[in-house]
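Shown below, as C-alpha cells, is a lone chain in the form predicted on its own; questions about how it binds or moves come after it.
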C-alpha cells in the first residue's frame, strides 16, 4: 500500500512530468474548449482548497493532528496539475503566463520545503534522542570513576594503583580505559549538541523559506483572480 510520502512523491513527479511534456509538446487549443475550461475550474477550486490548512492553523489555531498537512499537499499538487493540463502551455495571454509561472514557483517551493523541512525535523529529533541516551550513559559511567582518578587522567598523569577486582590488568590501565570511555562519551555529546544547533539554524532558514512560499501563494491567487475576471470579461471562446 502506498503511504503518504510515496503518494506525495508520485503526485509531484506527475506534476513536473506534465509541465515538461506540455512545454515540449504544447496543446494550445485545449484550454479554450469546454473540457479545457472545466479542467481549469476544477484545478483552481482545488488550489483554493489549499487555503483551508493555513486558515485552520493561523485563524482557528488548530495544529498537529487537528489540522493535518497532507490534504494541503494533495490539493496543492493535484490542483496545479489540472491547471497545467488546462493551459496546454499556451503563451497567448500574459496574465495566464504569469499565473502559470507563479504556480510553478509555489508548487516547487512547497515540495522543496516539505521534504527538506521534514528531513531537518527528523534529524533534530534523532539527534536529541541520541544525546539523551548519551547523557544517561555518561552518568552511569561517571559513577564508576572517582573524581581524583578523573582529575589525574585529565591532567595526563599515569595511574599505577592495583585493582583488586581485575588482577589481570594494572589498576591504572583499567581506570585509564574507563576515563577514556567517559571522555569519548563527553565528546560525542558535544558533537551531538553542535549538530542540533546546526540543524536548528537550518530549520530557521526553512521557516523563512515557508514565508517565501506564502508570499508566492498570495501573488499566485491574486494573479489567478485577475485571470478569471479577464476570462469572464472577454468571454469564453467555447460559448
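Numbering follows the first chain given and starts at 1. On a predicted model such as this, the values are computed, not experimentally measured, just so you know.
Just so it is clear, the following notes concern the form predicted in complex with ligand HEM, a form of the same protein that is not shown.
Heavy atoms within 4.5 Å of ligand HEM in the predicted bound form: does residue 73 have any?
-> Output for residue 73 is yes: heavy atoms within 4.5 Å of ligand HEM.
Any chance residue 217 has a heavy atom within 4.5 Å of ligand HEM in the predicted bound form?
-> Although ligand HEM is absent here, residue 217 would touch it in the predicted bound form, with heavy atoms inside 4.5 Å.
Tell me, yes or no, whether residue 82 is in contact with ligand HEM in the predicted bound form, where a contact means a heavy atom of each within 4.5 Å.
-> Residue 82 lies outside the contact set for ligand HEM.
Using 4.5 Å between non-hydrogen atoms, is residue 114 touching ligand HEM in the predicted bound form?
-> Yes - in the predicted bound form, heavy atoms of residue 114 and ligand HEM come within 4.5 Å of each other.
With the partner absent here, would 39, 88 and 100 each sit within 4.5 Å of ligand HEM in the predicted bound form, counting heavy atoms only?
-> Contact check failed for every one of 39, 88 and 100.
Those residues of 179-211 which, in the predicted bound form, come within 4.5 Å of ligand HEM by heavy atom = Going through 179-211 in order - heavy atoms within 4.5 Å of ligand HEM in the predicted bound form - there is one hit, 210.
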